[in-house]
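Both blocks below hold the same protein chain, though in two forms, and each is given as structure tokens: structure 1 and structure 2.
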Structure 1
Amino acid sequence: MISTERSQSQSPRSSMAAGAPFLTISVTDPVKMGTGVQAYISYRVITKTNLPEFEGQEKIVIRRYSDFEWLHDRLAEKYKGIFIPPLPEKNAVEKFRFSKEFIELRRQALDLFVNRIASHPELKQSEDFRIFLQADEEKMDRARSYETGIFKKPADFLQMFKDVQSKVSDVILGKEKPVEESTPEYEKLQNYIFELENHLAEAQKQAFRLVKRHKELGQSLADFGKAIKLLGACEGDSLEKVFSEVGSKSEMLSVKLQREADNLLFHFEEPLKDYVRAVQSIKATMVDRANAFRQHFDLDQERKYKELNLYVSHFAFTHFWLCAKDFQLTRKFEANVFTFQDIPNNSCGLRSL
């Protein structure tokens, strides 16, 4: 699934020969670096292109998972409203984080991530994307250290928490009603996305169980094969031969089941997991849309508040102007707009009347 999608998003060699614009990216050669808690996996990112905005036709850089995270966060910050391809999830368990299977699955997912960006007409024009593909390690570290992300600074995060807390308090106390977009088309799309995520998550869960079951059954057959061979070694020649054949067949079936489990993992469970991640990225884009809608509403309310203040100021100015011109007109104006208690003491001496 991954290789098919990638081939469709890239220009083939025939396009290169014909001189058509192309951009091919591959994530290869995962290598474990460091030891202990500081250990991580590095990848070679190979870029081949004839696009003029890139430096040269081929570039090879070394990147780690956190560099891919940086790219994803920068794109998500700069391209609001655009679906940002998802990243594979982390695995904090040391036992599985550096397993051969996990590393290969992550490599494929990272390869798919960058090629999805490369196939997008706007995202591939990003300066951050070009930095990711071409910058040396020193320049990449400088780019990553530049704190512009929404969650990079503790002070920004604290302020955001206070803002959210204030909004929630206003809603709970009845000061403000939550604002949501409620067009029929948007609600229909939103419901479809939520239902799709639930169905895909359930399918992925069942695929995980199926893969796990194949692995457990394969391991059981392998253990049985070894045990039956040992048992045969304790018997006579005739029984030993029979037991040995049974053990060998059992081990062969174990290998086949392990291969089938790997095939299900790479071509069934992992694509489903990728679909779930994609739907979650779409939901994140919808959250950005909802936040923009909320911001638009707040700005519109602020505009109305300022217009009201301007209107009140105009009335106040009219009051003082009438006060200087005609006493009767002033009393009439005050009866319609103000109460006597709100009129200052120095306003034509009305409080002394």
Structure 2
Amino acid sequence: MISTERSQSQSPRSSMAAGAPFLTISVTDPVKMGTGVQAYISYRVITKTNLPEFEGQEKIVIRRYSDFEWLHDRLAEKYKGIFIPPLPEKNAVEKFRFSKEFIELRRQALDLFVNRIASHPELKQSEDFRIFLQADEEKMDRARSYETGIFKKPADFLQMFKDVQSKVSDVILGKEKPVEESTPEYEKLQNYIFELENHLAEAQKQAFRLVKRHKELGQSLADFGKAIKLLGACEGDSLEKVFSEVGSKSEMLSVKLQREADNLLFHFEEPLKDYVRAVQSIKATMVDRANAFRQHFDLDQERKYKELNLYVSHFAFTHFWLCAKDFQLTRKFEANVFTFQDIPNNSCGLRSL
């Protein structure tokens, strides 16, 4: 039985009774929409709240995965430095996209996602969050395609270009990497996070395999049981009974193993995966931080260069100006000298009067 206990961020009954502010969200009811390649799953998002920022006590909207993605990206942009709750994986192998397990796992993860946002003191204030929870489907569609359209790109492009630029210049000039800030504590933390992700990912990989093994063992036990029963049928008499006992027990075990596989998937492997995603989200924030620092550093560098240029050009200009001035004066002086030399001749003209 798949439980949705993890979806409540607060128990509504107690808070409703107390009149305390509450915000309860649940993601339910996955429904396949459309056909063929364009088919997708839509979810119902039910918001129950008494907070003033929201329009009304209860709101139900229909959302799909890309809407959740939109929300995630908006929050990631606006709230840099905060660990944004992780989303379930985007791409799935075509075969599994509509398998029951996959849909249920995704639903659970999305439910967790919105509730974690709702519990976060800063993130829950987000305007985009409110839009997500309340806007009607058309508005949501528009918002989503607007944002994932071209507009995002130029800013990104410029930033990407700058990153590449600085990386290239680094390489060419042979500068070393440490454009990263690093205090020993922060570095330690970074290493910790990186290694933690590796270990968790390994554990999750094995957990996933374990689920598969349970299914395989279950299947082969079922086949074996059947074959044993058939074998017993050839024997007849008392021995047949023994065979069929063993066979049916095998089949029973197989059922149990399949159930165990499901259990493991939902209660062991998925939480592990959740942790891996969480650590990846932390890493993303660290990358943001590093990028911000680098941006700051690069801009600082630019500024210094510009200042230097300015100073140099200023100096050059002054020098030139002075030179120019100097030349002018020299000409004047020479001109004057020439004039003065002429005076004796001129003064003779004046005596004959």
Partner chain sequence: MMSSTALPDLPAGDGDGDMETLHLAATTTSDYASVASTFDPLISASPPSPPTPAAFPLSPASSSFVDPPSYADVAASSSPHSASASSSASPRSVRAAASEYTFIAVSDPAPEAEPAATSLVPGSSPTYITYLVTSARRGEHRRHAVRRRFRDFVTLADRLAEAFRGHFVPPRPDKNTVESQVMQRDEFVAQRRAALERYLWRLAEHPAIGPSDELRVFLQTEGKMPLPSSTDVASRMLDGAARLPRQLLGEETVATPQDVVQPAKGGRDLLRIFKELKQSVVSDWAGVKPPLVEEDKEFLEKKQKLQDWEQQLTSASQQAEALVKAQQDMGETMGALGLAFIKLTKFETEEALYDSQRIRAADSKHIATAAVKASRACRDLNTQTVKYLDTLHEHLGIMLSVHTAFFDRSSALLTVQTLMSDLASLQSRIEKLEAAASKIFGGDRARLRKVEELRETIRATEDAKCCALREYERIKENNRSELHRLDQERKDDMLEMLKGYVASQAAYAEKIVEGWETVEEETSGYARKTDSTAW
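Being a predicted model, the structure only gives us computed values, none of them experimental. Only the largest set of C-alpha atoms that superpose within 1.5 Å between the two forms is called the rigid core. Numbering runs along the sequence of structure 1, starting at 1.
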Only one is the form predicted in complex with the partner chain; which?
2
Per-residue rigid-part match between structure 1 and structure 2, Arg213 to Tyr311
no
Roughly speaking in whole degrees, what is the angle the smaller rigid part turns by between structure 1 and structure 2?
10
State the core-superposed CA shift for Ala227 between structure 1 and structure 2, in Å to one decimal.
3.8
